[in-house]
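In structure tokens, the next block holds one chain alone, the form predicted on its own.
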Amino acid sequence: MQKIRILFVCLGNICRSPMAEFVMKDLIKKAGLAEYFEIASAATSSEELGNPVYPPARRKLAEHGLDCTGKTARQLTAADYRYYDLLVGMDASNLRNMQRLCGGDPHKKLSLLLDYTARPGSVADPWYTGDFEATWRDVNEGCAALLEQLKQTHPFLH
């Protein structure tokens, strides 16, 4: 069976998208569904390439028992669009950059994380606010809602 492949995307791939990557991996593991998914994250910019997850983001994940050791920033490519089933951005700016890097969205694979929730919008950007708790709440809510939607559209996840 082919796995559902999801790529989370933000500007630098050191805060929001890796938080989403590891939160989603944890949610699917706890749901007993890890074998059905492949989860990763990437950046739209090249500014942080090769850098590890930003220390306050790493600490926020660790507070919840999640380890992101070894994760380094990488940039989104057009090949990612072909490979992944869903490419999930954190805000409208990410989405515009994703469309540019992917050459559009002919297969309707691009979305925003909070669009899966009852309150669409942007995931709080802790790079500017320093509020990693708000980002954690947004990411957790978005990932949980995304997983619920995938369960509804993929009967084998029940």
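Numbers follow the displayed sequence, beginning with 1. Bear in mind that the values here come from a model prediction, so they are computed numbers and not experimental data.
The form predicted together with a small molecule exists for this protein as well; it is not shown, and the discussion that follows is about that form.
Taking the partner from elsewhere, Y36 is found to have every heavy atom lying beyond 4.5 Å of the small molecule in the model of the complex.
A residue is said to contact a partner when one of its heavy atoms sits within 4.5 Å of a partner heavy atom; G142 fails this definition for the small molecule in the model of the complex, lying far away. In the model of the complex, the small molecule sits within 4.5 Å of a heavy atom of C10. Remark: E47 counts among the residues lining the small molecule in the model of the complex, judged by a heavy atom distance of 4.5 Å or less. Of the candidate stretches 60 to 68, 27 to 35, 47 to 55, 95 to 103, only 47 to 55 has residues with heavy atoms within 4.5 Å of the small molecule in the model of the complex.
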